[in-house]
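Presented below, as structure tokens, is a lone chain in the form predicted alone.
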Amino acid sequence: MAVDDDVTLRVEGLKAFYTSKKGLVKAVNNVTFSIRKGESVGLFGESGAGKTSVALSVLGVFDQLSRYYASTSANVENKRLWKLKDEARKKGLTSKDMGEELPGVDGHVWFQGQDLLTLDEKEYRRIRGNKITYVPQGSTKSLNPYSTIEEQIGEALWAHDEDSVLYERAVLHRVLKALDLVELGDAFLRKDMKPSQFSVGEDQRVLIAMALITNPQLMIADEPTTAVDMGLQQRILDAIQIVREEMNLSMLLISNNQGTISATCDKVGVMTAGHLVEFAATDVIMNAPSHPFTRAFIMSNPSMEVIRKIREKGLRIRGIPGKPPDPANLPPGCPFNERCEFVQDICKQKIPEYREVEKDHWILCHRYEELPEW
């Protein structure tokens, strides 16, 4: 497939399933979206919607993690499914070719003209942590408490120095430059300090610096402002924005926080139950959402602007009724049909087509044209 030169990442028909005691868990189900050069795309939705699984699939580690957890189980059916998956991979076949839904990742992840899902682990390592980097959720569990931040930030450079051309002074220069980008004060004096000597917000900046040290084309940030107060959240978001502008960096940001998404992203993909149900510009998603789930999710935890709009229309703030469906036992039809106030019979019988309803506005809904204006 020819991919637009202006597109950094193209995820197409992505599926990511893992095995469990309940059966096959469909964490990501037929997800498609693109990120252009210098563009920030947010994945927005409730916990357990599949946002992090998308990120892990792009990074090429979803299969490894899900296979590890399967190996700790004595479940015979799980072992059979993974054995079948290995046979399919060796033959270059998909789950559809095998006639059975299998664990692991299927679909396409296009990056710089390559489908990453066709690479072996050695080839993937040249890209992961180098051209595509990751800022994990929760800084306290992500940094090594026994190593200095200089050692940890520079590690990615040494790991990808296959031709042994780097020397210590050059690595130090780039470490200091990365720390300067995220505006960590007194970087030269503090580079020899360990994570316990920094605040949570500073640790988060260190993680961002680690993701920038290799001058990547794409950075994936998973809930970068989790567990920090409002003041620190804004400083971290400001640091991310500075980095994007300085490096013309593409970014995939995962969050269920409207403020984080609004402040950082150009476009937003809304997820529930493993499906991408709406994808559009951020102002469209936040101010004029179309999918019933997007409307309900924004109304369940509204910003001040949304509260004002709700009051003007005489509506009331309310949560989403019911519970998210079990990803190991999804209902037929639309993944939101059991909680949707606009549901009809077709919604319970058939998954909607993911279609472009306006330019750059995609939606997964049978009844889009019939829904009242929000």
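Numbering starts at 1 and runs along the sequence shown. Computed from a predicted structure; not experimentally measured.
The protein also exists as the form predicted together with a small molecule; that form is not presented, and the subsequent description refers to it.
**Student:** Given that the small molecule is not shown alongside this chain, does Thr52 nevertheless sit within 4.5 Å of it in the model of the complex, heavy atom to heavy atom?
**Tutor:** Contact check for Thr52: yes, within 4.5 Å of the small molecule in the model of the complex.
**Student:** Even though the partner isn't displayed, in the model of the complex is Ala27 close enough to the small molecule, meaning a heavy atom within 4.5 Å?
**Tutor:** Ala27: contacts the small molecule in the model of the complex.
**Student:** Should Glu223 be counted as a contact of the small molecule in the model of the complex, where contact means heavy atoms within 4.5 Å?
**Tutor:** Yes, Glu223 is a contact residue.
**Student:** Just checking whether Gly42 would be counted as a contact of the small molecule in the model of the complex - the rule being heavy atoms within 4.5 angstroms.
**Tutor:** Although the small molecule is absent here, Gly42 would stay clear of it in the model of the complex, with no heavy atoms inside 4.5 Å.
**Student:** So, Glu12, Gln114 and Pro216: all three within 4.5 Å of the small molecule in the model of the complex by heavy atoms, or not?
**Tutor:** Heavy-atom distance to the small molecule in the model of the complex: none of the three under 4.5 Å.
**Student:** Answer with one of Ser250, Thr282, Asn78, Gln137: the residue that has a non-hydrogen atom within 4.5 Å of the small molecule in the model of the complex.
**Tutor:** Result of the distance check: Gln137.
**Student:** Just to be sure I understand the contacts: of Gln233, Gln152, Asn256, Ser262, which is the one whose heavy atoms reach within 4.5 angstroms of the small molecule in the model of the complex?
**Tutor:** Residue within 4.5 Å of the partner: Asn256.
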